Ligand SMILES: Cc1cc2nc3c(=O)[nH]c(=O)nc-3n(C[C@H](O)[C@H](O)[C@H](O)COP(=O)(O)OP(=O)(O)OC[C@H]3O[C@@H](n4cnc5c(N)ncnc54)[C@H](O)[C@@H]3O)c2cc1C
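Quick heads-up: it's one chain on its own, the form predicted on its own, in structure tokens.
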Amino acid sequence: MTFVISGDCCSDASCVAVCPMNSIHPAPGEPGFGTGASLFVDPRTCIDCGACADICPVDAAKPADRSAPADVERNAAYFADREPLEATDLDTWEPVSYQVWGGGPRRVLVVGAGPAGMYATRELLLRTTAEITVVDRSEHLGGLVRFGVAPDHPQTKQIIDTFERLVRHPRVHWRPRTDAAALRSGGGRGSDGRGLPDGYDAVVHAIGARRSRRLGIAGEDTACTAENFVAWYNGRPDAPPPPALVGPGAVVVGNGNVALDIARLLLSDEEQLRRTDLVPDVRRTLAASGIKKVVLLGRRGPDQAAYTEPALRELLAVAGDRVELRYQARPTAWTSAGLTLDSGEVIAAGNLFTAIGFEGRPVDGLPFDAERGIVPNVRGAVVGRPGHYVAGWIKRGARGGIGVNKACAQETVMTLVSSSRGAASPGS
């Protein structure tokens, strides 16, 4: 009997580090890490020790005899064409190495309490003696996990428990409902002349990228973006209400997991919605929408689709033939009659949802690459702004799941620690 990783995997990769047999892949640094559905356990080398299940933050690792047959098959299939790795063959592992941060304690400001910010905080606790201040405009920890993960995926949200333990550490100072701009310029303190808030040696900006990309078609302003719809059904306090939901048809433009989440929720019946953690008002609105069919529209082909296989299977299990997958279709206009394609076809629908990706917003005082929607950086160090670092989607663009932020934050903190070695600091 072996262990199996389900489609609820967050790719945190904590399991990779504890597996004594090197059975879990793709590991950080290997092809496919952060871009596929999840990690997988090789049934040929797994010794059933359960270390992966003990450390998994989202309960995605389970004994095979307590897992769905599809997950067992999926794990085995991933390794079908791969040679098994010897347990002692660790050549594919790149050990993380850090230079010692000399000069005693430092103070680091982490902006953003989503996955990237909290994984950066974890790394700073592990690798330095720094005092860490974590700020977020929200009163809640979690960011994308709390307000971006679909409400019928509660296992994924369990990682918030880990984040809450981090902010209770004696060296972490958690300041919710705080705008980082006030630390940079307000409170009668100002910056230190290097662009750093007084008292801090470094700032890690982990503000994410939650602004929806635009289709650029006529009538788009009356459509509903993934940014707003996901925030609404997850109960983000500042989320605007969506347009009135009008059945029986809807179109979702996008081929990523967010698009599939939206389609799945629109087509869930009342009983299925009741099993989620949706707030009652949202649940009642979705159940009363009258939406019975969704066209999921991809502008590229199925080979370029960004959704994961488990997410597609989950959608088809809920929706069956009530969801229509369309590819290589380019919308040109949205009106009350429906969505017009460049072929001239009009898909009749009462609502249009756009889920074609997210992009970052400029950060005050930092350079910005508008085309990529990121802050230009070298392994996390902001170009031309000593002391400033980035992690997460504002560093690498809006791609990769929650757990990928762990490897991303490790790289940023390694850069920060190395850059700060022996540096004089006004904050020490």
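This one's a predicted model, so the numbers in the text were calculated from it and none came from an experiment. The first residue of the shown sequence is 1; numbering continues from there.
Quick note: we don't show the form predicted together with this ligand, though the next part is all about it.
With the partner omitted here, the residue from Ser268, Thr178, Thr128, Thr276 that has a non-hydrogen atom within 4.5 angstroms of this ligand in the model of the complex is Thr178. For the options Val253, Leu339, Ala113, Val204, the one in contact with this ligand in the model of the complex, meaning a heavy atom within 4.5 Å, is Ala113.
Comparing 76-84, 239-247, 284-292, 141-149 against this ligand in the model of the complex, the single stretch with non-hydrogen atoms within 4.5 angstroms of it is 141-149.
Although the partner is absent here, Gly34 sits far enough away that none of its heavy atoms falls within 4.5 Å of this ligand in the model of the complex. At a distance threshold of 4.5 angstroms between non-hydrogen atoms, Glu123 is out of contact with this ligand in the model of the complex. Contact check for Cys10: a heavy atom falls within 4.5 Å of this ligand in the model of the complex. Contact between Gly117 and this ligand in the model of the complex is found at the 4.5 Å heavy atom cutoff.
With respect to this ligand in the model of the complex, the three residues Tyr200, Tyr389 and Met414 uniformly fall beyond 4.5 angstroms at the level of their nearest heavy atom. Along 62-80, not one residue places a heavy atom within 4.5 Å of this ligand in the model of the complex.
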